[in-house]
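Two forms, one protein chain; structure tokens for each follow separately as structure 1 and structure 2.
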Structure 1
Amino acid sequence: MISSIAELISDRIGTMPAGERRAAQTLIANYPLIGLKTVAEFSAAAGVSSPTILRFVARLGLQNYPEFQSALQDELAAQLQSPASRTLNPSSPNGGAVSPMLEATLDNMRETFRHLSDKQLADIVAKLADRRGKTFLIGGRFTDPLARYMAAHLAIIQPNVFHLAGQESVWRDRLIDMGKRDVLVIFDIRRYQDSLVRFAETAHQRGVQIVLFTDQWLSPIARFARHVIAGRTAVPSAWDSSAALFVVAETLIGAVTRQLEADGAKRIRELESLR
């Protein structure tokens, strides 16, 4: 399976010199549009030289800048696909409905975790387990069940965990309770939800640390996020699959539970005594 440009960056940013890292960060913050501009425009936006942009592209394993832009254009086309357009795709030649779906879902999980580093997961776990701040979780039309599921588990092992539901005006009212020590976990996959982008931007302006669960094409919220988990979602269906993101969420729930082992166990016992 071909890696997206964002996935290649995630794999290699740790080995990039400072200038190339700035180019990578500028691209992620304006993904993918800044990469579709000229080398000169990209370099000016990143504050680096044009040769640095070309070295950055080469480090991603691409032959030249046109190949880099072609890959981004393909991603942009995939990002903008609607379920209606995906129903027109030919069915799998292997026959049967279950096998291709199962294979694609398992492949999505493998690829998602292949591009997630242990350090990134550990950093997210440390933040979610930090008792000094609050944790807020929210998702889009199809991804909010993941936010609700994750919030339900985290709320059992630690206080101050809140799932944001209802209308946008309700979420925005909760911004007054958010500050620099708090975490906002957002689930947003294509076709990205404008209301979530607006909410994330305002939370970012208040210093809230954002953990974004998105797809390989990256929600615009990535420009505001401290941590971005880019999961694979494409399957042979009119609909995207959130299975890989669900497994990442469960992985984080398990890791936070282990990190809060003593306090979490005490809280669970107290909850049980109240039932």
Structure 2
Amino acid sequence: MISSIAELISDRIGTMPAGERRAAQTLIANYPLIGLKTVAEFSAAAGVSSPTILRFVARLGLQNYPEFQSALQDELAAQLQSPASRTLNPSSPNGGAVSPMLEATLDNMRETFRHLSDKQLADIVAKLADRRGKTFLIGGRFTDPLARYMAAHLAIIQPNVFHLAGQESVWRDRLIDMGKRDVLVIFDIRRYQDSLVRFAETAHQRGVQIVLFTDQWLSPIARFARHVIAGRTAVPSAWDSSAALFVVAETLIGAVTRQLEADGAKRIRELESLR
């Protein structure tokens, strides 16, 4: 079993000599940040010498200082990624198998939006609402429905919105219609599809601006994308969740609609009269 560094310390602090104990206490007091700094800074904060810090690390069972830092970073990563594991409120009122799924999904959404700035969204909205170019949407095996969902809405409020469906050869041929003023919205989460990557690369070469919806591990398409939206997908299920991306998509749809209204687009007024 792999214990956390904090557990290791409380386990062995009793057997440590005075200097190393000071190091341990300093680390616990500023856990874990002081451990991410250099040996020199750590030792200064603890009021001991550098070798004492290294002996302290060795006593915990770590091979060397970088390994110690990696361990701390991994802990931190796990902690930051799942705010659900915050020690505040572990008790969930009802314990059916449903609740964890919902909780994880809600957390995913908060996390996803936390990493998303207004500026970034505004840039994407501006591009999508720019009626000088065409908008193409496509998705992978499981995410293509998201592309369809978005296309279904965007196609109503503006012309020249196309969802790319069917066989690879079919949408490859549509590349001929794409140019610098156009936008390609791609949904691609693990496992990333080669066909989409190839498609994105070619589109990129033609100067098409790519907006990528992907997971936190970033599809290789991020390489070609002008804008990347990284959604959290981890849920207690055999499948990854696209719910966070779905909500981002809905947010964009709403924002683009508002933008076009603000631009006083004739089309919007005509639509309202049609309803």
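Residue indices: 1-based, along structure 1. Each form is matched to the other, and the largest set of C-alpha atoms that superpose within 1.5 Å is called the rigid core. Every value quoted in this text rests on a predicted model; they were computed, and no experiment measured them.
In this comparison, the chain shown as structure 2 is the form predicted together with a further copy of the same chain. Comparing the forms between the two structures, the C-alpha position of G254 differs by less than 2 angstroms, with the core used for superposition. Core-superposed comparison between the two structures: the Cα of A29 travels 2 Å or more. With the core held fixed between the two structures, R55 has its Cα displaced by at least 2 Å. The Cα position of Y65 changes by 10.9 Å between the two structures once both are aligned on the rigid core.
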